[in-house]
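Each of the two blocks below gives one form of the same protein chain as C-alpha cells; they are labelled structure 1 and structure 2.
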Structure 1
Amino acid sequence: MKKILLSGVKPTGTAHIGNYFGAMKQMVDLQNSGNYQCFLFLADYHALNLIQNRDEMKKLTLELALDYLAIGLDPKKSILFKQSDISAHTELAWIFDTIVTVPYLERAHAFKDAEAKNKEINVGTFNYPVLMAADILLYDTDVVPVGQDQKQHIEYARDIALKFNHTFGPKNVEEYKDLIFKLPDSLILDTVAVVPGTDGRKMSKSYNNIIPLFATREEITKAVMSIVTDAGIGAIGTDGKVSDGKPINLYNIHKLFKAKDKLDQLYEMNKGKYKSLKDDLIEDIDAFVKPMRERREKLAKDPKKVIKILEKGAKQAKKIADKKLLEVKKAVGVL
C-alpha cells in the first residue's frame, strides 16, 4: 500500500517562489518518486475568506490549476481537484466543529495575527483550522508537504483526529489512535521552510515582497532590484549562522537557484558589488522559470482541458471522501 500524500493551496493570487520551493515543488518531486498516492486540491473555500468576488475567484482558481500543471503535476499520477467540488470537506468540518472548543481555536497563530491587526474577523477565518483538518483527515493522509507557516495547522488536524477517535471510536478498544482517522505528519524541508521575500521577511502576498513564480524577465528584474541588500555583518541568516558580510537577504534567495560552492565563489568575487550579484540572480531565476513559463503559456490556451482535469479529479476524490464520511456519520450516530 502506498502512503497517502495530500496538500492544498489557496487560490488567492500570484504563486510565488516561496510557494514553489516551500510546497509546490515537493509535491511534484514526491509524485514522481512513485512512492505515494498523491492528492492536491485548490482550497477555494479557504480562499473565500479573502476573495469575495465571483470573477476573481474563478480566474484565480483556474490560474492556480495551470500553475501546478505547468510545474509538472501530472493528473495521471496525482488527483487534482477543487475543494468546493467535494461537499464532504465542509460537512466533516461541521462535525468537527462540535468537538473543537473556542479557546483551542483562539490559540491559532493565523487567528492571533488577524486579531492583532484588529480586523473584524469572520467566522470562516476563525474556523480555518477545522476545515483544514477535514481536508486532510478525509483521505487517510499520511504526509502533508507544506511550508513552516502551516505546521500548526497540521498539529490541529492531529489533535482533532485524536479527539474524534477518542469521542466516537469503539470504547472497548485501548488504542484509539488510528481507529477512524489516521494521524497525519507534516513534511517540512528545513532548507525551504521559510523562503524569504525581497525585504527579508517571509515571502508572502500580504507583505508585498514576492517574486512571482511565472514572472516575465521584466517582472523578475523589478523584483530582484527591490531586494534589500544590507551587508548584515553579524546578522543571522535564515540558516541560523552569523553572516560574514554577505548581502544576506540576496544570498538567501540566490541559494535557491545556485549550488552552494558556485554561489559562495560568486559572492566572494563580487563583495560589495550588489548590482553584479543581482544581475546574476536575474539570469538564474529567468533560466529556471523559463521552461515552466512556456509550458504554462501553452496550457493557458486550452482552459477547457484544465476544467476537465479538475472534474475528473473531483470524481476520483469524491469516491474516497464520501466513503470516509459515511464511516464518520455511522460513528457519530446520524446514520
Structure 2
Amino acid sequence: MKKILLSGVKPTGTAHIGNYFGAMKQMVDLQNSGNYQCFLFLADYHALNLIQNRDEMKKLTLELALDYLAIGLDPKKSILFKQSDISAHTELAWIFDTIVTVPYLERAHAFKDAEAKNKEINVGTFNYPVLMAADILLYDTDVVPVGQDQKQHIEYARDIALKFNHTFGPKNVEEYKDLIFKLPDSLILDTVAVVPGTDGRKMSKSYNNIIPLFATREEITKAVMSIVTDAGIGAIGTDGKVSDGKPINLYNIHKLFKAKDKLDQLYEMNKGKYKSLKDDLIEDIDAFVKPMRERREKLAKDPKKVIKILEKGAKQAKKIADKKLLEVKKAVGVL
C-alpha cells in the first residue's frame, strides 16, 4: 500500500521561485513518484492569524489552488482541498487542547519568536501547533515533507498523538495497529533548495527580493536586472562554499535553471559581463516559467472548474477525516 503523505500550505500571497524550488516542486515530484497517496490542503484557518480580510482570503486561497494546479499537481493523483471545508480539523484541535499544557506550547518556535519581538500574541498563534497536529493526525499520515527548520511541527504531532493514545487508547495495547493515532514522520528532502533573493538574502516576500513564479517576461526582466552582482572572490554562497570570482547571487539563482557544466562554461566566457549574464538568466527563467504561466492563465479563466476540484477533494478528505473523528469521539466518551 502507498504511504500517506500530507502537506499544508498557507494562502499568503504571490508565489515566487523560492517557493517553487523550496517546496512546491517537491510536492509534485512526490505525487508523481507513485510511492504516496498525497493530500495537499490549503491552510486557510492557519492563515487567519495573518489575513483578516474576507475578500483577500478568498482571492489568495483560489490563487494558491491555481498555483499548484499550474505547476502540475494532478487532482487524479492527489487530494487537494481547503482546510476550512473539513470541520474535523478544528473539532479535533479542541479535543487535543484539553490534554496539551500551556508550558508545552510555550516551547514552540513561532511563539518564542513572537514573544522575543514583544509582539501581541493571539491565541491562534499560540495554539498553532495543536491545529497543525490535528491536520496531520486526522489522515493517519505516514510522512510530512518539511524543511529542517520545521521538524518541530512533526514532533508536536507525534507527542500529542502519544499523549492521546496513552490517555484514551486501549490500556493493553500489544500491537501498533491498535492505537488510535499513527505516529507521523518528517520527510526532509536533500534536494530542497535554499533560493537566494535578488539581494542575496533568502528569497522572501517580506524582504521584497522575489522573482514571481508566474511572472511575465517584463516582470522577470525587472527582477533579474535588480540582482546584486557585487559579490566576488571570497564571498560565501548559499552552499557554504567560497566564491571563485563568479557574481555569487546571480550564479546561485541561475544554477536552478541551467546544468552546472553549461553554466560554468557560460560564466567563464562572460567574466565581468554582468549584463550579458543577466540577459541569459532572463531567457532561461522565461523559458522555464512560460508553460506554467500559460497553464495558470488558462485555469484562471474558469475559476468554477478550480472550485469544483477543491469541492471534490474536500468530499474525499472529509470521508477519511470524519471516520477518524468518530473513532476519537468514541474514545473520549462523547459518543
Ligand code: TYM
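Under this definition, the rigid core comprises the largest set of C-alpha atoms superposing within 1.5 Å between the forms. Along the sequence of structure 1, residues get numbers from 1 upward. In this text the structure is predicted, and so the values were computed from the model without any measurement.
Novice: Report the structure number, 1 or 2, for the form predicted alone.
Specialist: Structure 2, not 1.
Novice: Note yes or no: does the Cα of F41 move by 2 Å or more between structures 1 and 2 after the core is superposed?
Specialist: Shift of 2 Å or more: no.
Novice: Could you check whether the CA atom of I17 moves 2 Å or more between structures 1 and 2, using the rigid core for the fit?
Specialist: Indeed, I17 is displaced by 2 Å or more.
Novice: Given a superposition on the rigid core, I'd like a yes or no on whether K76 shifts its C-alpha by 2 Å or more between structures 1 and 2.
Specialist: Result for K76: no, shift under 2 Å.
Novice: State the core-superposed CA shift for A287 between structures 1 and 2, in Å to one decimal.
Specialist: Its C-alpha position differs by 3.0 Å.
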